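As C-alpha cells, one chain now follows by itself in the form predicted on its own.
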C-alpha cells in the first residue's frame, strides 16, 4: 500500500484490509472482487491484484511461508528490488538495502546527486550509495531511520534542514540545492482521451455495472459501461436488446476530467433510466447492482474512482418515470 500512497492515507485502508485478510491463506482464498473492494480508493489497483496473486503463490508453492531470499521475493508479483529489500531488512532481520521515495530524496540531497532518479544512470548511482550506507549490523533500525528521516525532516517541499542530524555533512545544504533535489521528472504533456459512460438504472435503483478485464486500466474493477465518445444512446440500447421506447429518461451530465499518471480522461456521463429491465445483459462480466449495497457484506465489488463518482452523483429525475 505504501508503494505509491502516503502513510496518512494508507492507515485506515491497512487496518480494514488486515482485519478482513489477517493471514496469507485468507487473502489467497478470497475472491478478487473482495480484495479490490477493500482497495477501492487507493488507486494503482495492479498492486491489489499482484498482492492477491502473490498470496496464492506463497500459499501453494511455499506452504504459506514467506520466501526469504532476494531472488525469490523479487519473483513474486508486485515485489521489486526495494520492496524485497525492505521485507528482508525489516521483517526478517537480514542485511538488505532499500531505495524507496524517501530514501532516494535523502541520498540525492546528502550526496548532491543531480538527475531524475527514474533515469537508469541516476538509479544505479543511488543504489550504489544506498548499499554503501546500509550497515551489516542493526540493518532494520537503519532502514527505518532513513525512511523516517525522509518522511519527517527531509520532506519534498520545505525540508526541515535546521533539525536534521545530517546537516553538517549534507552536500545539498552546503550548495544550497535542497529545493532542487532530487531532480524532478522531465515534464511531458499528457495525452487526452475521451470516453462516454452509460449509467443505466432501473425503477428499483439497480444499476448496470461491467467488470473490466484483469489486464489493463482498472483491471478487475467494476464500472458503468464505458464506450467510445461516438456511441449513441440508441446504439447502446441496441446492445441491451432494447429500443428507445424502453427508455424512461435520459440525462446528459457535465463532462469532467479524470487524470491518471500518464494521460487525462475526459468522462462524459449519460444517465439512462429504463422503464423495465432488459431480458439479458451482455455476458457474465456485467450485472445489476444497487449502488447503496456495494459494501463488504452485500456486494464486495472493487470500484474505480470514476465509477464511485458516477454512482454517487446521479442527477435527480427531471420528471417521473412511466412505470
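Positions refer to the first chain, counted from 1. The shown structure was predicted, so the numbers you read here are calculated from the model rather than taken from an experiment.
Although it is not shown, the form predicted in complex with the DNA is what the next lines describe.
K.L.:
When the contact criterion is heavy atoms within 4.5 Å, does residue 162 count as touching the DNA in the predicted bound form?
P.N.:
No.
K.L.:
With the partner left out of view, is residue 244 within 4.5 angstroms of the DNA in the predicted bound form by any non-hydrogen atom?
P.N.:
Because no heavy atom of residue 244 falls inside 4.5 Å of the DNA in the predicted bound form, the answer is no.
K.L.:
Is residue 187 close enough to touch the DNA in the predicted bound form, meaning at least one heavy atom pair within 4.5 Å?
P.N.:
Yes - in the predicted bound form, heavy atoms of residue 187 and the DNA come within 4.5 Å of each other.
K.L.:
Contact between residue 250 and the DNA in the predicted bound form at 4.5 Å, heavy atoms?
P.N.:
Looking in the predicted bound form, residue contacts with the DNA do not include residue 250, since no heavy atom lies within 4.5 Å.
K.L.:
For the three residues 229, 268 and 312, verify that every one has a non-hydrogen atom within 4.5 Å of the DNA in the predicted bound form; reply yes or no.
P.N.:
So, no: the whole triplet misses the DNA.
K.L.:
Determine which one of 230 to 238, 139 to 147, 165 to 173, 199 to 207 lies within 4.5 Å of the DNA in the predicted bound form, judging by heavy atom distances; exactly one does.
P.N.:
Selected range: 139 to 147.
K.L.:
So which of 126, 106, 89, 76 gets a non-hydrogen atom within 4.5 Å of the DNA in the predicted bound form?
P.N.:
Exactly one residue meets the criterion: 76.
K.L.:
Could you check which residue among 67, 43, 278, 291 gets a heavy atom within 4.5 Å of the DNA in the predicted bound form?
P.N.:
Of 67, 43, 278, 291, the residue with a heavy atom within 4.5 Å of the DNA in the predicted bound form is 43.
K.L.:
Between 155 to 178 and the DNA in the predicted bound form, list the residues on our side with a heavy atom within 4.5 Å.
P.N.:
If the 4.5 Å heavy-atom criterion is applied to the DNA in the predicted bound form, 155 to 178 yields 156, 157.
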